[in-house]
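Read the single chain below, which is given as structure tokens and is the form predicted alone.
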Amino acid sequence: MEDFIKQYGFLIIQMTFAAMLGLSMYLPLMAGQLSLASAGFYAIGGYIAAVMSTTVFAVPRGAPFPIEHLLMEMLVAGVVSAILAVIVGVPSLRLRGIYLALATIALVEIVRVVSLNLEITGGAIGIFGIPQPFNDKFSYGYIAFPMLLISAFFAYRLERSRIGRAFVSIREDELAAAAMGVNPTYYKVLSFVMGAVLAGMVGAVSAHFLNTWNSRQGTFDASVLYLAFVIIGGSRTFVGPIMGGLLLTALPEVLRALANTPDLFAAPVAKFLSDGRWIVYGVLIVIGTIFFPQGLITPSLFKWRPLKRWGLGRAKPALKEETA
């Protein structure tokens, strides 16, 4: 078990973060908003943690970073992300479809360019030597696993709440929802803020986890990857983005492990899986999108189908006829 954790602990924590980033993309999609801004808020949260931990909460080199300081950084990252989401969301969420996607891509690019040119963010080099609160990478699970459980429970309850039903009504038909008294602008901004807060808090933890933070952490490529988590996993239930993030993050490493397994594949196939695993990764995403247009996880999977549909269940008793 120790060897397994030592070998795959880093990957497991990465998968946990990816699942939460998929959820941050899913929350605006609940209200029908194709927002690609999660990568930008993720980068902002990481920079807030990196700057605060190296200046405000600086500790001697090699000394453990206090957990309470990390929690404070997560709180600040969430608040800043929420404020910025409101400022950006009110005007941009009046757009729809591809126009909204372009507006949120612009936010991601603005964050990237600004971070490249500010001295406090380290410019193109970034911020290195971010203090570590744990001795090994897998110990970040003490924060990452509870965050994922809380986020999943929050999404589960949200889907079944009045706010969640308002999100779904806007996604299905915004005009009909407005006619029924739902305020589309309010709920769209609310979903946008929820996703931004989650992405910012994940970024704050990731900055410590990666030990360095630079402009490559929040790019358009990252936005597309987070969107793939939702598309492949499923965009109609919170379980979909979680499964998509877990699977698509683990897939490249699984392909590399298969390529390094002796006597499992011929040498040319093993070399292709090792060197071209990202090609296989992309092909599998395309195939999944074609054959599973609603994602691997759909709400129908959680609905009980009576066994009598296959002739295995017990039929309902017939109603007794009334006698005169």
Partner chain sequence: MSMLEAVRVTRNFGGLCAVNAVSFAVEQGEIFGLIGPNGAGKTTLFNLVTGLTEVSDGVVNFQGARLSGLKPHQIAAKGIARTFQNIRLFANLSALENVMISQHIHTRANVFDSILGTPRMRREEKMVREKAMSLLELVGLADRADDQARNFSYGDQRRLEIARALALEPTMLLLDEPGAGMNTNEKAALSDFIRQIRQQFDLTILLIEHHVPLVMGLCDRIAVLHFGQLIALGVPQDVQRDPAVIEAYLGDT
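Residue numbers count along the first chain shown, from 1. Here the structure is a predicted model, which means the values were calculated and not measured.
Keep in mind that the form predicted in complex with the partner chain is not shown, yet the notes after this line are about it.
Enquirer: Counting only non-hydrogen atoms, choose the one of 181-189, 73-81, 141-149, 196-204 that falls within 4.5 Å of the partner chain in the model of the complex.
Expert: One stretch meets the cut-off, namely 181-189.
Enquirer: Does any part of Val239 reach within 4.5 Å of the partner chain in the model of the complex? Heavy atoms only, please.
Expert: Val239: no contact with the partner chain in the model of the complex.
Enquirer: Taking the shortest heavy atom distance, is Ile163 within 4.5 Å of the partner chain in the model of the complex?
Expert: Flag for Ile163 set to yes.
Enquirer: With the partner left out of view, is Leu158 within 4.5 angstroms of the partner chain in the model of the complex by any non-hydrogen atom?
Expert: It does: once the partner chain is placed as it appears in the model of the complex, Leu158 has a heavy atom within 4.5 Å of it.
Enquirer: Can you work out whether Ala177 and the partner chain are in contact in the model of the complex, taking contact to mean some heavy atom pair no more than 4.5 Å apart?
Expert: Heavy-atom contact with the partner chain at 4.5 Å: present for Ala177.
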